[in-house]
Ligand code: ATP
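Take a look at this one chain, the form predicted alone, written out in C-alpha cells.
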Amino acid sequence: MADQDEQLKKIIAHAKEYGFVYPSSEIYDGLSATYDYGPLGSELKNNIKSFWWKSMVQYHENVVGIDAAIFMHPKTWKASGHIDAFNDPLIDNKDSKKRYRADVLVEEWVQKIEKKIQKEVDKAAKRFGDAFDETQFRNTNDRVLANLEKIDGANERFKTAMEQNDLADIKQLIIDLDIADPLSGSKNWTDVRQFNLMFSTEMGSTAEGADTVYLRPETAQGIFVNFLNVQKTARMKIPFGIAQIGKAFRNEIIARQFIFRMREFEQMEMQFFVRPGEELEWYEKWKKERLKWHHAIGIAKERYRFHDHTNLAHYANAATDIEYEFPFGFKELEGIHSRTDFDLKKHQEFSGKKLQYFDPEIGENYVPYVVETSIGLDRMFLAVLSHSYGQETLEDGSQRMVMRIPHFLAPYKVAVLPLLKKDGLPEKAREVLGELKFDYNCQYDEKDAIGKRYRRQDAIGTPFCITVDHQSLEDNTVTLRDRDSMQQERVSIAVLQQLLREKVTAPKLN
C-alpha cells in the first residue's frame, strides 16, 4: 500500500510540474476535489475524446452523437429517480473525525478478502507448478470457498439493507465485518446517514420567482429525453445508438485519489436502443467491443479485467465494469449495463409523451430496451498517466523520466530541435516545423544542450524528436529519435510526413 501511495504521489507531482493537471484555484489554496487541465493535459484529454468519438460514432454506421444541455427540466431528475434516491450512505469515525462512504468501506473489505484468496491461489500454483488447475482449485479449496462465502454474504446483506433503506443494518454490517478506520484503526463509528449527491441552483430573474434546477449528475438522461428527436431527424432504425461526451457534477463528500473521483467530471457515454428480448445479446457484443477499444490503446491487457455486478441496480438486468489496475488497485473505469426499458418508460410516464418506436420489420410499437456503455474521461486520462509514467536507469548510470504515452494520444507528436542556435540551423528547423505543424501538434525547442532537450521531451511523452544539424543544410536529412528506444536514424525531410503518419495515427478497430 505504501508503494502504491508513493507511486500516485509521484504521478500527481509530475502532472503538475509538466502541465498536465493543476489543483484548481491554487492561488487561493485550492478547492477540494476539483482540478484544472494544463496545456499538455488538455491536449491529451482531447486526444482521448477524439479516439473514443471516432471509434464509437464514426466507426459505427448506426451510432450518432449529440451534445445535450447541462441544465434540464427538474422533472427529468424526478423521473430518473435521482431526486429521491441518488444518495450515498455516509458514516463518520468518532475518533479520527473522518467521513467515509459505507459502500466503499465494504468494497475495500471485499478486496482484502479477494487478496487472501489470490494468495492461496498463488501458493498452490507455486506448489503444483505446470500441473496446477486454477479453476478446479478455486472451486474445491475449503479456504477459498469459505472466503467466497464471506464475500457473497456481505454483498447480499449490504444490497438488502440499501434496498430497504435499513441504515442501522449497514452500520451493524460494518461492525460485524470488523472494519476499522483506514487511518486511525478505530472502530468507533457513528450511525449511517444518506446524503444526496446532486448540486442544486436556482433559475429565474428574481429569487421569489426562481425555480430549483440541478446540475446534471450524469449525461445519460439528456440522451433519453432526446430519443425520439434523434430517431426521427437522423432517420435511425433499431438497433441504433446515441453517443455523448459531456460534464457531470456530483457533490462527492468523499472525493479522493486525485482525478479518479471528482465533483466535476466528464463522461463518454453511449446508449444503444434495441428490440426487447435482444438486449442481452447486444450487452455481450458491447462488452467485447469496449474491451477491444481499451486494448487498442496499447496498455498491457493484464491491467484490465471485467467485474460483473452481483447486486444489480433496480433498472438493470445485467451489468459489468471494465476495471483498470490503477496505482491504488483495480477500480472501475467503464460501466456496461443492460438498463431494460426503465428510463424511457419513466420519462414517458412523467412527461405524458409516448417514447415508442414503430418497428416496420415486426409491425409493432414498443418502448426500446437500452444497453449503456459509460466511461469516465478523467479516469481514462489517469489510466493513461499511470500506464505511461516511468523512471529508468540508463547504461551510463544516469536517470531519465519518461512518459510512454501511446503515440496517437501524446500531446505533442514531434519536437523539432536545431542542434545549435546559429549557422542557419534555427531557420532550417523552422522550415521543417512549417511542413509538419498543420498535420501534427509539434513543439519547437532550441534552449539548452540537445541531451537536456531530449530529456524534456521524454518527460512530457513526445514520441519523436527531429534534430536539425549542419548535415541537414547539405543533404536535407535530419535525425529522427524514438522516445521509447532512444534509437536514432537519419531520414530525408521529404519522407517525414509519411513516417510520422505511419507511427502516430490512431489504430483502426477491426
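Heads up: residue numbers just count along the shown sequence, starting at 1. These figures come from a predicted structure and were not determined experimentally.
Omitted from view is the form predicted together with the named molecule, to which the following refers.
The stretch from 325 to 333, 359 to 367, 346 to 354, 224 to 232 that comes within 4.5 Å of the named molecule in the predicted complex, counting heavy atoms only, is 325 to 333. With the partner omitted from this view, the residue of 265, 440, 304, 189 that lies near the named molecule in the predicted complex is 265 [heavy atom within 4.5 Å]. Of the candidates 289, 252, 181, 169, 252 is the one whose heavy atoms come within 4.5 Å of the named molecule in the predicted complex; the others do not. Not displayed here, the named molecule is kept clear of residue 147 by more than 4.5 Å at the level of heavy atoms in the predicted complex. In the predicted complex, residue 337 approaches the named molecule with a heavy atom inside 4.5 Å. Within 4.5 Å of any heavy atom of the named molecule in the predicted complex lies no heavy atom of residue 430.
Within this chain, residue 384 is remote from the site of the named molecule in the predicted complex, having no heavy atom within 4.5 Å. Residues are counted as partner-facing when one of their heavy atoms sits within 4.5 Å of the named molecule in the predicted complex; in 364 to 389 these are 374, 375, 376, 379, in sequence order.
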